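Heads up, what comes next is one protein chain in two forms, each shown on its own as structure tokens, labelled structure 1 and structure 2.
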Structure 1
């Protein structure tokens, strides 16, 4: 036993020493080597579904940019790790990317939860981070100066459906959604908008992350009998809630389900039931933004599946970062930070512009609606591809 202990301690010490030696010899940076962009993506875990599109958005931009000659005369390379949808993993892996792999640039992870913790790493290492996965405003209001929002601010999402409701003279609203950082921030402003628009909230209750059965919440919404249901959902709960509402045989006049309905999967999973459901589209394939048509075509050809808004936001974020680098003429992180804070730029997502916190104020949140198995933008008016299909059809006519 004693011998075991000694050997064990010996080998631990050797391992420890090896780590120190390894870390103190930072690899020399060879000139002309590719610019490495690092990030973590949730390839497994709760967020694996949407995160995959974000990764493909990054990959596609890197490929496009390399075809155009890269940046600053250097080719680009993307290095990503799986954070398993866990913030502690992501924090460590960003440090690994920065300290160990010596990446030149970092890009944001998926989900507001993970971005919240990782933003602190970018701050400590003074590296700019474009966050296409972090829509919750809380992330940006903490005094961090290197994080930039590459996606619409979530409290804006429900403004569109509420204005449509107002136009049609609907008065009562039920508010629901998943009780976690991002969905909460989506519905946070509901009371304020309702007051502004002269509507009343007759039901306001969230359900927990990972809920598997929505029967009770659907039953309660039915009892409250609102004109409008505004629920801040991800994909799984948007399917669950829709089905539960159908099974409770309750059809509101307007049914809005957060970001769930933007996923192409929403249509496949729900078939005809999807018709009439509204959701937030931070981006749409039909959008006339700069370079959007080429993006959709190229992306679809490369991955065999059309992009969703996560892919577009990732692509758009890198468009901005790339332009900033070209303008600054180097990878100097402080100069990039200054540039990203003030620049405006037309991207596939719309016009990039941030406020003093780094919160996105340029991208507009659109509302989409499903009709005959397809998504159409219905709000704002100048981007609309069809007029809103209101009221939501009763279940027997679906």
Structure 2
């Protein structure tokens, strides 16, 4: 009979794995040695713009925790490598972190595509891993027992813009995005939501990872003439698609572009053309969550730029891991796994809580929209800073 995650968590580790983990614990107890946290980040490649914020979130938490005395009476050290936005590179580097660098803890990389592969390394070595960069449910539905989602589940990202579309009576939708794990998981729920809300999908096509020309996809979207464009983008393709739609002189009633528009660089690179574009974030600088105001102020002072939700998710993930370590009183990976499976905790992101698969069920997704060079929360309504600017302005008004 197949074991559930809970049953597997309660099982006794096999002798070989126990030897591997046990030797790691013995090293971790070495007097005076820092606790080393290892991971990879996409410092180069397609995901670099967003990933740098995740890295800074990790760095800022380590700095703050060290100022408080570290953990278990020891200082913390962050050791990272550049995975170049490539899953195979990341797998090799996590193996190096564990087998050669002998890190005490690991944290997740950026993007669902990379996290999905690295999760297998976490499971193989029986080391817990917070996943603030992995939102796809497919990562957590494979029976893995050492990875925990530190961000909202991606299929829920488009619920907000679709509810806004329904409120305004819009009926037709174009679905697009990069053909990789995260974007596919974002738009996967579009058909179900459309049926539920009485809408029709008139265009559904993804474009290749690392695409450089969005002219063709923009023209096809224009020909379909949808009320709403839902495209699950990272920063580079969100900019490319926006410019291609402008060149095609097509302005839908609602333009949603995934997580790309939530980056400060989106507004800087697009100027007035960014006005009206929607994106999904898991966090806002305006949230009244515990420690959020201090986080925003301190992060901005350290890095010279405000944090985005990737930075907040990384910081929040380490808030949770640090609390679990303090509760357990050691770096015992199985005990940490057990604690992370059942704990509920307030972080700057909201309330951390996972289900039996390690999927996040506590955090909420928010829709942000650009207006006059700034981003504002427009959904959910109880967190909204302004009413949604609908319809999307025509290009002649930009």
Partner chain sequence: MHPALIGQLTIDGLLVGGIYALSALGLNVIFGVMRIVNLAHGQFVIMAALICAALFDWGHVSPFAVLPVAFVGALIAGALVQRAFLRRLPEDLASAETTSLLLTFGVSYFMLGLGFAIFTGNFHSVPYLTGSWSIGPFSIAQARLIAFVTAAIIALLLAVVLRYTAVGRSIRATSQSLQGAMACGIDVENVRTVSFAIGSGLAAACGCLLSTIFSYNPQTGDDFTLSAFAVIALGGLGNYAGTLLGAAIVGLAISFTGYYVSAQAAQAAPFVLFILILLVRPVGLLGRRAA
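Numbering follows the first chain given and starts at 1. Keep in mind that what you see is a predicted model, and the values were worked out from it rather than measured. Heads up, when I say rigid core I mean the largest set of C-alphas that superpose within 1.5 Å between the two forms.
Panel number for the form predicted on its own: Structure 2.
Following rigid core alignment, is the displacement of the residue 362 C-alpha between structure 1 and structure 2 equal to or greater than 2 angstroms? No: residue 362 shifts by under 2 Å between structure 1 and structure 2.
Core-aligned, what's the Cα displacement of residue 44 between structure 1 and structure 2 in Å? That residue's C-alpha is offset by 2.3 Å.
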